[in-house]
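So this first bit is one chain, no partners, the form predicted alone, shown in structure tokens.
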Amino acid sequence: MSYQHTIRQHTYSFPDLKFLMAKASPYRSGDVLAGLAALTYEERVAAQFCLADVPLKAFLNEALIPYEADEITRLIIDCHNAEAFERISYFTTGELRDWLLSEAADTLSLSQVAPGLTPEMVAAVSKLMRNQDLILVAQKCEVITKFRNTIGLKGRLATRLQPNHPTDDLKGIAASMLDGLLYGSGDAVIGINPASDRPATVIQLLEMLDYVRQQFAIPTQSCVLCHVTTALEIIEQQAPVDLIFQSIGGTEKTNQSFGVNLALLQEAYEAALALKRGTLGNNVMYFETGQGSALSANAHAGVDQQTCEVRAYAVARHFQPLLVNSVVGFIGPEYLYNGKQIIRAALEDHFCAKVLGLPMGVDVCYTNHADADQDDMDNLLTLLGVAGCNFVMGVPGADDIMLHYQSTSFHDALYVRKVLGLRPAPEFEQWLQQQGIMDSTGQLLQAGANHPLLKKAF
């Protein structure tokens, strides 16, 4: 089906929905690189006018990537919840935008509608929204998940403690982990990006994390972000695996580039569930995503990078994850050129995931060759805190010495919790108070040389 709109005697034509979605996307370097971006501001506005008039039902009848050619498309169509969709089935994309921004769309109604929304519907409506619209709607969503603590409650902001080391040195990782715990970081997960994916190395790291967690009865979960096949292998060796990690994308070919498919993820999901290591819940998966991954793998199938990103959330949603993380600025300026594009993309990712019912966190980050700096990240961190982001990163000094990019520090998390009155996950907050790390008002306490973590941990 073709679409068209006229501005000042010039008629802009769009041959199909995929083309229309790409032209309606806010400007970003990845879509320019792929040859998908609108050529002028007027063309983008014309596409947005057209997109606003597209009925939501059209997204169920016109697949952006053919059903026969892509298992993600098949997942989206086959798992669509028609009953949840019924309430909004007569909306156009523009009418969905208006409803999301209205008082009628509250936390309960948003959660009821979420299973009836497809990624393409949500990506489309996000293209019609200003930044403040994305923040307002996301702030109304509440997506709660559980393993050994409770993440996603309104008024709470969790952190992933990320104590990476370029050689997987246990003492170096342990020192960074202790540092983070004493700054109140680590309730989302204590998660290490290993330098090596060797099973023996991953097991060694997991056993160290589990030893510390058990010694101090820390109500959190650990994860070494190895490939899913490595995780399956070490589960057979009785390694203490809490969460299964995997990077995922929004097309079948993108996931092939990561060495995974839906069947393999299902196998890993079932293996982690069988371990029954969660004490409060069974959300056992941790996914990372990022705009541009499909284009970098030459697997975008002509779909714009933001829509590809949201299609990845269909994969995540299928496995009921504890955490989903958009590593928004990590992929580099070829895809998100500067601070403005990174901020816009992060707000889109957070909005789209939350509206689809996912526990979204964001790695507020940039690479050293991007046109961005820490002030951009401060702005983004504050905006995400207002929007109700589930978690952010805690990296020593905000400088990841293994992955070589700039993220958010333990102090950054303390800043945003303080200025917005946010608190850690409730079980972790209680533990922080019991350990004398934080008082009942959320004030960080001075840890002396005799603090138990300093004397006994390592």
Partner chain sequence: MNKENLTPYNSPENDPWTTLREFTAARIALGRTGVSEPLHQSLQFKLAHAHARDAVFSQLNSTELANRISSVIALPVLSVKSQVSNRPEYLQRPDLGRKLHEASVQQLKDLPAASPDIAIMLADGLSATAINQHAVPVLQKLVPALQKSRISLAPITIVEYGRVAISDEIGFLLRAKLALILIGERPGLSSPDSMGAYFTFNPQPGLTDESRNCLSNIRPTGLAYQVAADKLFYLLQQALQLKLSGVLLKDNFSLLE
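Numbering follows the first chain given and starts at 1. Everything quoted here is computed from the prediction, not taken from an experiment.
There is another form of this protein, the form predicted together with its partner chain, and it is not shown here; the text below is about that form.
Residue 176 belongs to the set of residues with a heavy atom inside 4.5 Å of its partner chain in the model of the complex. Proximity of residue 374 to its partner chain in the model of the complex falls within the 4.5 Å heavy atom cutoff. The closest heavy atom approach of residue 368 to its partner chain in the model of the complex falls within 4.5 Å. Within 4.5 Å of some heavy atom of its partner chain in the model of the complex lies at least one heavy atom of residue 401. Only one of 145-153, 243-251, 311-319, 329-337 lies within 4.5 Å of its partner chain in the model of the complex by heavy atoms, and it is 329-337. Of the candidates 414, 50, 422, 38, 414 is the one whose heavy atoms come within 4.5 Å of its partner chain in the model of the complex; the others do not. None of 165, 97, 344, 140 but one reaches within 4.5 angstroms of its partner chain in the model of the complex through a heavy atom, and that residue is 165. The candidate spot formed by 409, 418 and 439 lies fully in contact with its partner chain in the model of the complex, as each residue has a heavy atom within 4.5 Å of it.
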